[in-house]
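Form predicted alone, single chain, as structure tokens, below.
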Amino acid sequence: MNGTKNLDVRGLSCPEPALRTRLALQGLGTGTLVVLVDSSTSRNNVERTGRQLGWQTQALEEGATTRITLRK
């Protein structure tokens, strides 16, 4: 299923952001997932999760929030 999905995991403690990202990516299959995080730990874990599942990741810091775009 192609498409774009947004996931806001700001304020959640690890490993919750990575777990929610994994579930969203598995449900999406292909397309784009934009994940909003608010800590460097969450950023690292979400990016690592995406790469492990074969997704391309790109992070953009926007103030206190980082927008991680995952594409496949």
Partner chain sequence: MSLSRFLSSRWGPIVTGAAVGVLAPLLVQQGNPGNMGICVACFNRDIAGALGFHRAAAVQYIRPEILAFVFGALAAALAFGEFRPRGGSSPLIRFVLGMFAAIGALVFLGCPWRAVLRLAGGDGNAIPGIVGLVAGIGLGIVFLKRGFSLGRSRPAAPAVPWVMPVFAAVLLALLLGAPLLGRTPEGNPTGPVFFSEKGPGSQHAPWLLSLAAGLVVGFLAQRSRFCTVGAFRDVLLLRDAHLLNGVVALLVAAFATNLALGQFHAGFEGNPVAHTGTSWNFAGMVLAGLAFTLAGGCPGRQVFLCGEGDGDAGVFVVGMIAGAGVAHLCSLASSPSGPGPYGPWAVGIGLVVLCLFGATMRESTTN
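All of these numbers come straight from a predicted model, not from anything done at the bench. Numbering follows the first chain given and starts at 1.
Omitted here: the form predicted together with the partner chain. The next part is about that form.
The partner chain in the predicted complex is not approached by residue 25, whose heavy atoms all lie more than 4.5 angstroms from it. Taking the partner from elsewhere, residue 61 is found to have every heavy atom lying beyond 4.5 Å of the partner chain in the predicted complex. Not displayed here, the partner chain is kept clear of residue 32 by more than 4.5 Å at the level of heavy atoms in the predicted complex.
At least one heavy atom of residue 52 is located within 4.5 Å of the partner chain in the predicted complex. Along 34-59, a non-hydrogen atom within 4.5 Å of the partner chain in the predicted complex is carried by 38, 39, 40, 41, 44, 48, 52, in order along the sequence.
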